[in-house]
Ligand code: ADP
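First, one chain by itself in structure tokens, the form predicted alone.
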Amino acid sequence: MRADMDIKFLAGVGERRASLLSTELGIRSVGDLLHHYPHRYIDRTKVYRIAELREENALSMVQLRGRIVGKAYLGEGRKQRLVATMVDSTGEIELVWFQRTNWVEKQLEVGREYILLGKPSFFGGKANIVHPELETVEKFLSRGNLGMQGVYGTTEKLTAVGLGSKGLYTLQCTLWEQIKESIVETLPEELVHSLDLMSRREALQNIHFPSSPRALQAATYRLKFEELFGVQLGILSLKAGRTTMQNGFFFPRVGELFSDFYNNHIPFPLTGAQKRVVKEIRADFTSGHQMNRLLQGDVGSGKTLVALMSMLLAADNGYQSCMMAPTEILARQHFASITKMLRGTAAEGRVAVLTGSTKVKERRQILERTESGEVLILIGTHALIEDRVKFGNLGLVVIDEQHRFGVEQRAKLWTKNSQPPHILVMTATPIPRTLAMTLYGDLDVSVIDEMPVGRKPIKTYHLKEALRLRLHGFMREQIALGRQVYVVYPLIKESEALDYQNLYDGFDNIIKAFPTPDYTVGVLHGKMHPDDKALAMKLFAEGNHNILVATSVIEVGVDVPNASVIVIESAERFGLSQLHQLRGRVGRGAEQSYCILMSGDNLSRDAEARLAAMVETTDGFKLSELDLKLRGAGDVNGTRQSGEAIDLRIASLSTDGQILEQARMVASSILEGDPQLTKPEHRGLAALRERYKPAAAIDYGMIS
């Protein structure tokens, strides 16, 4: 049987179930089903006696063996239920079904012995089990696998057609008998032996039907290694292909624009980290290879200044640069700060900004000046990727917060010149090492890990509703000192209407607590017209508003040094990385700044841990590691974007860092000796690499 065979042809599936498996779980082939692994296991060797059940067993899965001695329908209409009594030598227990009772009742024979699996509940000290799984003792024993049984992820729609966890387990049993002889090894025999790995066939058998806990552990390790190894083969091959190609623009000259800016116009002395990163970028510019560099640094660490110096180096060598930001607010913020820094230099007036709201006449002028080469630096949103935007000679592309763009959007920028421009990707979201090795493993990484001299650490506090009046008092004290305050409300897509209601309720409450004419309050959110958003930010930045009530639209791109307090409402609804980004909106000036995390009284354990971590540290990398552990790679940093999500079926970037390190080291060693994986013993590796080929293969200039 071939792994790519349509799942509908597997016995027990058919057209209807196949359609649901595809839409609900993404299972379209028998290979997809084979790689749909259990998320936990039930020990089927343990059989409880009915008298052994205690209240501490409630809601835990237990297995019983007993005889059905009676069954009856109780209640009427929609409240009707089927109740059966099971007995063993120690007692009796009630079994209850509320739905699909006709089918159950036909399968249930009084006097017959069954194996039961279910979660007991207790009422008045008496146990019952609602909707248990039942099978005859004869059928249970005939399967021969009396050890650990996998529990599979499923959905309500699949369960309704008989493909709950047990139904999926039955399909896996059917599939295994037909496919086990077709399983081929992907890893070289020498590698399997040297790393003491289980064979692929054994691993797949023991992940679905473990013969023992030890065998399950070995199978899990093997499959995790293979998955992470495949990912690293793809990423490192991409990087090797780029670095061996002599296709990078050559920027050897340090000319007047860079030198004049560095010597006479730099706004503050560079930190050691900034100097190190500029040297790394200069080395890339003179290597002959296309630069693909990820620049990480906390909010306020000076990434924009490093990007500007890189763009001036490009200009000194006769090339233009563009800088793409995810929001209009951020694009205009970059334009304002770069224009200010270039005042008095030969590059003054040769910077432009292009967004979706740019007026027609101004847009036409910008496009003409960009195509002629007069514009040295073009800053904008995704408007930059439009076909009508043409450059005279684009040599450097800077992407800010790249995870907010899709792969296809970014790739369009690489086609704006005859050969791919140099790429500098910037992010203020600290990325955990394991995630960086996987999401950005084909990029060279630079980190700005110092803050400019004179910045004071932001003081963070967690308050609950009972201290609301104290918070208002503190806000009044800060405003009396001439400071400004952000009040931020969460905006979650699933409940936008409710969230906007919360925002405006909060706005009304703030106005009542801070009335005119003593205070002025502004509001900012993503659904406002661009002109209204720009005006709201302008009024706040110029000090006309004491308080700005906003959604997390201010997460990026709002730079108001006089704002020293940020209050984050319902802080438990934000992830750690987003909380850290929001906190970075203050602390931009020389004054002491504060972040107040407001939450409800009843918090989950994870929420308590997140907020406690925010209070304890301002280290973005520590917080990102914790966020990865708490939320997983699928959510942290908003990195699961269309076309580039990491499709890990069994490995976890939050817990399998050591396996990832080993996989990367082995992949690097193999590719060093056989970059194209053409050796006969590496045939399986070539297929593995293709399976885990990163979406970035169409990215970073690697377009054929």
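Just count from 1 along the sequence shown to find any residue number. These numbers come from a predicted model, not from an experiment.
FYI, the form predicted in complex with the ligand isn't displayed, but the following is about it.
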*Among 262-270, 197-205, 133-141, 69-77, which stretch sits within 4.5 Å of the ligand in the model of the complex, heavy atoms only?*
262-270
*Are any of the heavy atoms in residue 546 no more than 4.5 Å from a heavy atom of the ligand in the model of the complex?*
no
_Residue contact check: residue 305 to the ligand in the model of the complex, 4.5 Å heavy atom_ = yes
*Evaluate residue 230 for contact with the ligand in the model of the complex, applying a 4.5 angstroms cut-off between non-hydrogen atoms, and reply yes or no.*
no
*asked:* How about residue 503 - does it come within 4.5 Å of the ligand in the model of the complex, if we only consider non-hydrogen atoms?
replied: no
*asked:* Give me the residue from 279, 455, 464, 472 that has a heavy atom within 4.5 Å of the ligand in the model of the complex.
replied: 455
*241, 530, 153, 561: which sits within 4.5 Å of the ligand in the model of the complex by any heavy atom?*
561
